[in-house]
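Shown below, as structure tokens, is a lone chain in the form predicted on its own; questions about how it binds or moves come after it.
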């Protein structure tokens, strides 16, 4: 009986997530819903390496940018639909993960985080000064749909449906990962890397596996962003705030939990869009982000997921 209420709450939340944008005709709300799911995909992808493996990367925007540029370069250079660039982005993210992961995983803690920031910054500088990829101007997608494969829609609802399917696949994959041997290894590494290594866990190998998975899904998020927006430049593809948003959303909802990044995105994306629409200043949202994170760090370091577990345990004790 005790498990009935969490399951019912999960089913109600899933139904609300699916149906909410279809219950309004307001295009602003529909677009915010689509952006929320896109952010949830990015944050959930980051969660594999940052939440479960405990390797806090502030350079994941490099994978997002790779996916976005791969999509629009497929159109600009080859005349293909932007979505056709998705596999190229995944392959490029795999290659970058190997090149970056093998040396950087020798670093731990803050040193690893600083290394990832440097890598993302270097990638942004490279793209800005590379004429082949549009330089500082960026790359445009198709202005009008040539076929359905271009995925150009007037409404945000089709994008919402696509993002929802991708997020469902990612969450299912993460759930299976949690229950696998790799999931146990990653949590052990995240808890204490030295202890995990002393117990026989091949630490560097499984951190690399986590980075490969995380980078690939982040690249997919970048491709989906480029398909919906139809434009990318160095700032919107490789900007440091893209990485920061992933980290903050996962931390707010609960890093290392299945639905934590989704909860964080569901709070922070509408908050950012609302402040931008009301006052024309997105910076206010980042002030609110900072206040929220400080409160969580003081009272609930595990994010809202930890706070929710605490509330449920208290409710069960009173019910018993």
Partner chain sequence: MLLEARGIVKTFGNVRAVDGADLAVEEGELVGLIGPNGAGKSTFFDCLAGNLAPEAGSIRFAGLESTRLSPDRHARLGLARTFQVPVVFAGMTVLENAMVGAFLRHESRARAAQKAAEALEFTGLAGQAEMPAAALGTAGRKRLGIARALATEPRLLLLDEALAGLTSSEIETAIGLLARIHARGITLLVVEHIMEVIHRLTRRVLVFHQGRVIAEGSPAEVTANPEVIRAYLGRRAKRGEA
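All of these numbers come straight from a predicted model, not from anything done at the bench. Positions refer to the first chain, counted from 1.
A second form of this protein, the form predicted together with its partner chain, is not displayed here; the remarks below concern that form.
Item checked: Contact assignment for its partner chain in the predicted complex, among 185, 159, 75, 112, heavy atom within 4.5 Å -> Only one option qualifies, and that one is 185.
Item checked: The unique member of 135, 87, 202, 239 whose heavy atoms fall within 4.5 Å of its partner chain in the predicted complex -> Spelling it out, the residue with a heavy atom inside the cut-off is 202.
Margin query: Please identify, from 226-234, 145-153, 194-202, 78-86, the stretch that has a heavy atom within 4.5 Å of its partner chain in the predicted complex.
Written below: Checking each option against the 4.5 Å cut-off leaves 194-202.
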